[in-house]
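Next up: the same protein chain in two forms, each one alone, written as structure tokens (structure 1, then structure 2).
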Structure 1
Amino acid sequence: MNVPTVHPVPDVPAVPVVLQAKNLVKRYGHVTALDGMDFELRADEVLAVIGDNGAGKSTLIKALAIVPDAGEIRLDGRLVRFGSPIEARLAGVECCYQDLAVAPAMTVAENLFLGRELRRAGFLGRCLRMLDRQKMIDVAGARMADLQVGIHSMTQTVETLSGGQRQCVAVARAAAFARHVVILDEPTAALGVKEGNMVLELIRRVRDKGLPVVLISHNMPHVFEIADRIHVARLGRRAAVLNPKKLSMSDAVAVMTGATAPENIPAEWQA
């Protein structure tokens, strides 16, 4: 009798987890914004975070950059506790917040190096603390060209740019200095179709260069256009992680609003 040959199934390599959080809790007085939230960001992906107002989306991102009330955060497998956004930045986690993007009266180069200005070498920089403006202009131009941002003059003020170009400056600033993660909070809010697509294209280029991106957004068409996975936040918890290629926008909204309970989510929707 011929015995059929059984071929072993090759192991599929697991995608590395860059940023992970477990059981995050964040309270503001009597209000619990995060109630045991879990989070997982894989390498080389755009992870969209969606949820209704008050679901804990922005609080989750802020808890990743400051000390939560409870829970743990791991960066590349290492347990970390950031006391401030500056500590998170020093660890290679860059955040672009919706309400604090750019300084309009400053130039593109000055915005790119805002808070980490380059000083001139020797006595002039060390003692007189003079800035190396030309080097900042040159480096800013190289970084913007590398990300293919369509802004050619690094010396023009940001207030002369369009809304989409301004947001591109903010995203490019985060991407230029991030070593591990880029977190974007509503980067396409209040932008038109053309300018929103400009920002989405920049996010794609950031991901393609090997930086995972966390994208908080209410814009479902943008989420489904660019996200590799969708983290659904509801009532301070993670309701599900969805595969945008396996379900529709209305299905995602049903999970987000609670019309579809977590236990009733089909397995093929999940990622």
Structure 2
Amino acid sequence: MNVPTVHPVPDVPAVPVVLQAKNLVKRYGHVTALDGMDFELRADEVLAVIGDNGAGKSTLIKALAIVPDAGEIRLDGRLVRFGSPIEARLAGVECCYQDLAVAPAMTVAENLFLGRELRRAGFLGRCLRMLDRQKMIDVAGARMADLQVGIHSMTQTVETLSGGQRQCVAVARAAAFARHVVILDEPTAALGVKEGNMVLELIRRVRDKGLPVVLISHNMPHVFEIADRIHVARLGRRAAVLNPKKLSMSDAVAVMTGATAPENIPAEWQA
């Protein structure tokens, strides 16, 4: 893990901050989806992001990977401005977006390499721009085996997989290539108990590899099972950052819905 070098953040905490955002604003027409959202992801942690529907969770993720209307984003303390998801990916930040971002009629390997296809070496690749199918299949197979995702045929089209397996492909795509940060938007939504646990297991493995994970989820048991800290989004802002070891699920829900006002949150709940 890189330690911040250039322009260190003024108040460097004990644990290095990997991804930090201040005062993010994002509007869609008249809707203000993000209204000055702050965000902080530390090294080696799973940070859960919870909030009601429309709280701005998905927008936060998109703003982190694609230019927001206002606000600043720092990666390893360095000010960054990703003009497109591809730039974020080049910086090692991988996202798995909420609405199953896979191409159903394409194969698992093609989906994994979508937008970062490997070309053949030499004339065929350089001049004819020919893809190296076999290498993509091999690398995809190796990465999936690494993550212990139970999908073995890389040449199967994604539409022939079950819903849970498709979700795993989308999650694995982010996890397999991330070098810095993995962001997952509702990766366990619509999954059965077994598949949900499979994705949680995958997240744990990613964290154990030393990559911090942002996990957006409505599933409180999952959040409390895996998160090191909980970022609560409310009305486009950060309401609080909570410590799951110090409070109960219903406490967290109370903060999330506004039943517990931010100024009334006990200090020991905060993280």
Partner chain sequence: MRIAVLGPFLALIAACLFFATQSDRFLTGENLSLVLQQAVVVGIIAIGQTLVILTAGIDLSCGMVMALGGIIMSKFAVDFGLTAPIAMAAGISVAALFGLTNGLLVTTVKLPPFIVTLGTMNIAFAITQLYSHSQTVTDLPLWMTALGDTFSLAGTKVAWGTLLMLALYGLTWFVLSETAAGRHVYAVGNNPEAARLVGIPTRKVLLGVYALAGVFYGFASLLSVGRTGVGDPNAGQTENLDAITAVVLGGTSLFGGRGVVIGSLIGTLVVGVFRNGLTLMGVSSIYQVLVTGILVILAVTADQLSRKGAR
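Definition used throughout: the rigid core is the maximal C-alpha set that superposes within 1.5 Å between two forms. For clarity, every value in this text was computed on a predicted model and none was experimentally measured. Residue indices: 1-based, along structure 1.
- Structure number, where the criterion is the form predicted in complex with its partner chain: If we ask which form is the one predicted in complex with its partner chain, the answer is structure 2.
- Task: Could you tell me whether the Cα atom of Arg42 shifts by at least 2 Å between structure 1 and structure 2 after core superposition?
- Result: Arg42: C-alpha displaced by less than 2 Å between structure 1 and structure 2.
- Any CA movement of 2 Å or more for Arg229 between structure 1 and structure 2, core superposed? After core superposition, the displacement of the Arg229 C-alpha between structure 1 and structure 2 stays below 2 Å, so no.
- Message: Using a rigid core fit, what is the CA shift at Arg27 between structure 1 and structure 2, in angstrom?
- Response: Value for Arg27 between structure 1 and structure 2: 2.6 Å of C-alpha shift.
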